[in-house]
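What follows is a single chain, given as structure tokens, in the form predicted alone.
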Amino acid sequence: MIVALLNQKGGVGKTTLALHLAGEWARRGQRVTVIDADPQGSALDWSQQRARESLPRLFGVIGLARDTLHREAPELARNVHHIVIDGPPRVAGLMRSALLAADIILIPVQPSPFDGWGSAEMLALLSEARVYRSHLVARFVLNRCGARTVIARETALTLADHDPPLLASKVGQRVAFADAAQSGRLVWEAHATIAAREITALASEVGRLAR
């Protein structure tokens, strides 16, 4: 399964979700590789920090910010259970290549009208990709979300009848994600129980999409 975290708007948490999904699947005994397709290389930086902290390797992280991603990712997928692509912001060529490579597209959005408006260009690229890959699965993911806030509820209601639809699993706005990332860790390694449960639920729901 190749899962791509994509949104042309920056700062929506693509890297955080990509690394935590990979870590959750690795924790379940599955072989996972993260492809860092963002020229900023945040996932690679996290991996290097993990090595500096002498923490065990959970999954591979490779840099592949090239328009040939759609040809190279399926080859890499032959040797693992899952490929997770951490997509770039506002690089249309790379975005198209990731869309053509993936089986499942996850579009992280924060509970904000600006994120909804900013996703329009992403959805146009998704429609373009579906001309060639009609069975491409896509879902919105509500991320950095205060579950009890009015704007979070309104965003969820707005996306409920949207195409693509919204995943039931949501990930909260939690300091634990930033704290863990600074040391190359994941939230379950930092004993952030609530955040870890949210990631577990998200990984399980995404896994069911592939069946």
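Worth saying up front: this structure is predicted, and the values here are computed from it rather than measured. Residue indices: 1-based, along the sequence shown.
A second form of this protein, the form predicted together with a small molecule, is not displayed here; the remarks below concern that form.
- Within this chain, Ala181 lines the site of the small molecule in the model of the complex, having a heavy atom no more than 4.5 Å away.
- Using a 4.5 Å cutoff between non-hydrogen atoms, Arg50 does not count as a contact of the small molecule in the model of the complex.
- Though the partner is left out of this view, Arg174 does reach within 4.5 Å of the small molecule in the model of the complex, counting heavy atoms only.
- Among heavy atoms of Val12, some come within 4.5 Å of the small molecule in the model of the complex.
- Residues placing heavy atoms within 4.5 Å of the small molecule in the model of the complex fall in a single listed stretch, namely 166 to 174, out of 66 to 74, 28 to 36, 51 to 59, 166 to 174.
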